[in-house]
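This document opens with one chain alone, in structure tokens, the form predicted on its own.
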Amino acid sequence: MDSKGLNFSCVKCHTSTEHEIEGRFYSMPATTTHELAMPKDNPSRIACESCHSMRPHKTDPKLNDHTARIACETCHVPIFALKKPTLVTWDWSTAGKFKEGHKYIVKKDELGMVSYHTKKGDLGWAKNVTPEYDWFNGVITHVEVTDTIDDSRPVRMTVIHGDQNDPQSRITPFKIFRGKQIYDAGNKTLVVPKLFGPKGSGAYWNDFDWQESVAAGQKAAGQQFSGELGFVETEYLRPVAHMIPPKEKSLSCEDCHSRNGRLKNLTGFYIPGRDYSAILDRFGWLSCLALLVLVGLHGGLRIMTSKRRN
């Protein structure tokens, strides 16, 4: 938090008690409120408004009208992963490939990050990432190993609650992490694979056998296993709450209030500058044209009548 300014450390906001570190989205379900309260007063309220209040803009009060429906981070974190790449995709289904002599395959991308590893599969990295936006009221629930999933489409690992009709919801930026992971295709549930351990224990990173890995992991977790495996696409959403640049680099009005702005995919409500009606636009232009014709006729008649008087 600006080493030349306030120079905050992580624990300035993320207070802890007996090694229990507080965070807004750590509980199940995660929740937050938008009130002025320092973290030391209420550790669950680690938010911008905890210190800055809901009316933080002093020189442009009009911006304060946005805080009820727009999260602070939406404007103040225009992009993330500015310096170091962030992991955005992980495909476990391609793990387990070897070079000759049963040696690991390790590949790196143009960013210098590991893009494939025998133990992990394909990995995708990105820098200067633009967030994705959705309505969010502060509550997140998570898919657990006991939940039945719909494997016909990508499984949302984190369920973001809120919508435009919820007065507690605000438009919030998210990082979406997309993956492909092992699951129990018979029971339609996610699983806990055993990844590490001695050879012969079922640990995938030693035996490279998904069947044995899932059987051992599920048994250790006290969960059922049908014996039928598959890979399912998953999506993990996380609110973007860090990497805030200087205020001069925050979003401008045009970034959202334009037809191809950042909020173009959020539909069902009106945003000035983004939304329009072809019928109303045509009526408006016809009205302007009619007015111009009437003004011209009026001016012409005035000129003609003035000449007759003369």
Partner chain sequence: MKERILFYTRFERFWHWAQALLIILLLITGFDLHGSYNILPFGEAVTLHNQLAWLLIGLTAFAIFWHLTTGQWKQYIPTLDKATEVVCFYSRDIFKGGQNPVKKDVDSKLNPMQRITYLLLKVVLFPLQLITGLLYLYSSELGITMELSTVAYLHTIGSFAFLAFLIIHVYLATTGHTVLAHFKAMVTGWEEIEEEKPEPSSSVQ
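Note that the structure is predicted; figures quoted are calculated from it, not measured. Numbering follows the first chain given and starts at 1. Take the two forms, superpose them, and find the largest set of C-alpha atoms that agree within 1.5 Å; that set is the rigid core.
Separately, the form predicted in complex with its partner chain exists; it is not shown, and the next lines address it.
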Its partner chain in the model of the complex reached by all of P167, K188 and G230, non-hydrogen atom within 4.5 Å: no
Exercise: N7 in contact with its partner chain in the model of the complex, heavy atom 4.5 Å: no
Contact label in the model of the complex: E248 to its partner chain, heavy atom within 4.5 Å: no
Contact flag, H257 vs its partner chain in the model of the complex, heavy atom cut 4.5 Å: yes
Non-hydrogen atom contact L266 with its partner chain in the model of the complex at 4.5 angstroms: no
Listed residue that, although its partner chain is not shown, lies within 4.5 Å of it in the model of the complex (heavy atoms), from L63, M54, C253, M243: C253
Its partner chain in the model of the complex - contacting residues of 133-163, heavy atom within 4.5 Å: none
Core-aligned CA displacement of P245 at least 2 Å between the shown form and the other one: no
